[in-house]
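The chain below stands alone, shown as structure tokens; this is the form predicted on its own.
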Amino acid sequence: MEQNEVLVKLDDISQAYGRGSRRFMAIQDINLAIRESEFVALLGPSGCGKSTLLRIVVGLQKPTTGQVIYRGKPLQGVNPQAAIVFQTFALFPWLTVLQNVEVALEARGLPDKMRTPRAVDLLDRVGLDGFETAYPRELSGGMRQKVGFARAMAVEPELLCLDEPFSALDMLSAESLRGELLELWTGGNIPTKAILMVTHNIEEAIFMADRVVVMDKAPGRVVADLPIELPYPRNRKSPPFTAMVDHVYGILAGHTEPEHVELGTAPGEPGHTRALPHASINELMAILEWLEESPGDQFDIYIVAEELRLDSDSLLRLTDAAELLGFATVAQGDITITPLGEAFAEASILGRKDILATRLRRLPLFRWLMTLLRAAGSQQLNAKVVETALELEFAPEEVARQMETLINWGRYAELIAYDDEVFYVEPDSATKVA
């Protein structure tokens, strides 16, 4: 058997939800091959369908169209040669560490007398020797996730799938566990033939994987497939590493479009309804203040992430918001604050509210909501009415994000009020021309 034989292949995979006018494409036309000895990272923003694709790969979910080929044969049902480690620890709290691993061995039909030695060996490999009799509540988050890794490896999977495995951990625990997993993988101390990891963290993907598949959303699709030709162990401060981080940021951030393209359209209008970035106004202000106060005209986006200690997913949502509101422009992985962004950063609290209110009135989604509110006799609407209308435009999880963003941005700008699941027009905003 050749070392680089294709292990799993995705042929024209698409996943749609809903029916008729409420049909949404979560992922579309995904073609991907994972070979033996590869550590592949699926990288992309929240909502791009990474986890959906992972479930399809292991057979937990059947795609709407396309097929998964495993070792040359169409996958039918759950793949017994694959295992998943989730971001939540998913341990049985009433079982000891040893028993949590033995559960997986029992499910594989391993005889009683062989389970304990195998489980002890696996725990030793992940650095939990001596904690066999401990219960999950006695362990740190990092240690609980190690149990999850040991349990996944207990079934000796050919394909190990990791769904944001470090996102629930604190920074130090995550960094330690990344290093330990890489040591096991590069040292050949686990039986796994290939690893497929879902992440939204750009640095994590480049630090761990030897190939990064970059996805974008609306709908989820592959926009780049990049080999990471850096030797292990990798130095995050080395010029080749930072150059690759910068390159990936550039792919995901894209470039600022003309305003009519950036703004999109409102629900019910022809064209694509532009979703609002799920971003905090306070965090947006922090970025704009940093850009305004720092010497220079433009900055590598990854440097902004480093300076403000933001993960890549959060930063990309904030840069998207800055572009949409006209506070910054993005091109080739660089961000530049605009004169309007400078004015916003320097303004007083009330001045910022006025600037934001003016910009929000230009956004089709806010303009649509304000029109609905003013058309109502009492200038108020039940949240369910707004939510139902948004369900014609977005997938269910995106509707929740859009509702939260409309409420938070609208409240900050004092355009709308929200109380007890009812939207209201703020008295002052009702007298102004939209």
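Residue positions are given as counts along the sequence shown, with the first one as 1. No experiment lies behind these values; they were computed from the predicted model shown.
If you look for the form predicted in complex with a small molecule, you will not find it shown, but the lines that follow are about it.
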Quiz item: Using a 4.5 Å cut on heavy atoms, which of V68, L373, A26, V399 is close to the small molecule in the predicted bound form?
Solution: A26
Quiz prompt | Heavy atom of Y17 within 4.5 Å of the small molecule in the predicted bound form | solution = yes
Exercise. With heavy atoms only and a cut-off of 4.5 Å, decide whether K62 touches the small molecule in the predicted bound form.
Key: no
Quiz prompt | V57 within 4.5 Å of the small molecule in the predicted bound form, heavy atoms | solution = no
Quiz item: Is there any non-hydrogen atom of T52 lying within 4.5 Å of the small molecule in the predicted bound form?
Solution: yes
Quiz prompt | Segment that reaches the small molecule in the predicted bound form - one of 363-371, 400-408, 40-48, 380-388, heavy atoms within 4.5 Å | solution = 40-48
